[in-house]
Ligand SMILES: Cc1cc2nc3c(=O)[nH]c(=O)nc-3n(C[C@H](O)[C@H](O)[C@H](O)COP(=O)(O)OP(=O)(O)OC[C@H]3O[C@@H](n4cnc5c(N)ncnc54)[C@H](O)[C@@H]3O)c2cc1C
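Shown here is one chain on its own, the form predicted alone, set out as structure tokens.
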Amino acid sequence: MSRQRYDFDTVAIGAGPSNLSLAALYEGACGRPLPVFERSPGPTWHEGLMLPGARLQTSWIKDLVSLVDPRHELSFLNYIVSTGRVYAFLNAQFDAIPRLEYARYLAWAAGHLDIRYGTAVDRVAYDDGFELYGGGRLLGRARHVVFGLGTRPHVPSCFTGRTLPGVILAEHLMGRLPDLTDRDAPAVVVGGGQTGAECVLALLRAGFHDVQWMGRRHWFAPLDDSPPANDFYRPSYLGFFTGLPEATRRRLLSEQVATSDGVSMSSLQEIYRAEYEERLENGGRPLTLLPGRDVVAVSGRGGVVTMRCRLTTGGHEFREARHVVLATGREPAPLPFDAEMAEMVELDATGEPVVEQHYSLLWKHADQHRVFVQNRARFTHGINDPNLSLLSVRAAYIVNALFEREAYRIRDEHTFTVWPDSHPR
């Protein structure tokens, strides 16, 4: 038994979907609330990316709880019924639900959980348990900790540390749109994924007449949402993938990228239709697609941003724009370990913490004090990791590991895909 006193057996840091799912299933397993520390003053989820018409790329049944506990009170179905909108929701016949609806569902669920808003944890230390600090003040001690810190915008290195007035992060676009009054000036969206597509649509709807969409791949690839692609987002494949050699995992991830990082077909259709109708009505060329371009250098002068782009076909070209929207993906937020704690964590060849089977970190005192991470195990657990598809499954694995019992049984038995054995006889 530890000689130290703990304020919490387990504490979660970050109140995004991952830790909301964890908190819901944790309380369902033991009847006690899981305290979740969240730096923002209230419920929020990608607030700046609630662009008009934005849709979730994941089925609503893959909510916080239903894949492992469909009778849980915090299911999306219970939310839509208890808020009195179920019939309107059904009659709207959404192929994919609005992202704003999902954000409101998360806020509704958070209201039933122990979310401690306005509590930023900026340092985690170890002393026979975890000490959580915020603003230089000790917030509490915990036996185990779960990080669900989410992501932050990835900014290409050529834009980093530069002050270029015309450059806008995608998550700031909606707030900046009213100030962008020169609608005839070129506006470039950098990033060929779903967020880039939504930014293109937002600019077209706002009346911009020269929108240019730039992406690194040789085409703007649609999301592969086919049944075989969705086999990668099943517990059975997760179990297979984690047992593969590292080099094999990395190779397969590069092959599977279109199942996660593509554009919804409905968004692509809407873009093509919007361009066609605008040209039909007003002439001109409101939209130019620029695939196969990677921005490698940037400069600004006289209110114009100049970008040097490396081409997939070889060579370079220059592009100028008054406004540049960066929709260049997201990256994991850094873990707030202090220097001594960080030294105890095992790192892989890329400098990232080693994530074990049940999302726990490999570190010096893992036999007594567990550190779990969510949304940063892509290279060990597969393409599904930062995705919402296995949200509740991941949380269930963590809950089972915390309680060292099968609090939730994860079933995926109706399979007919036989993946190749990585250790053939």
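Bear in mind the structure is a predicted one, so any value in this text is a computation, not a measurement. The numbering used is simple: start at 1 and walk along the sequence shown.
Beyond what is shown, the protein has a form predicted together with this ligand; the following relates to that form.
Between 317-325, 185-193, 212-220, 144-152, the stretch whose residues reach within 4.5 angstroms of this ligand in the model of the complex through a non-hydrogen atom is 144-152. A single residue from the set R370, H46, R378, H358 has any heavy atom within 4.5 angstroms of this ligand in the model of the complex; that residue is H46.
Checking A110, L74, V200, V121 for any heavy atom within 4.5 Å of this ligand in the model of the complex turns up a single hit: V121. Among heavy atoms of S389, some come within 4.5 Å of this ligand in the model of the complex. Contact check for L402: no non-hydrogen atom falls within 4.5 Å of this ligand in the model of the complex. Taking the partner from the other structure, this ligand in the model of the complex has a heavy atom within 4.5 Å of a heavy atom of R99. Residue contact with this ligand in the model of the complex: D63 places no heavy atom within 4.5 Å of it.
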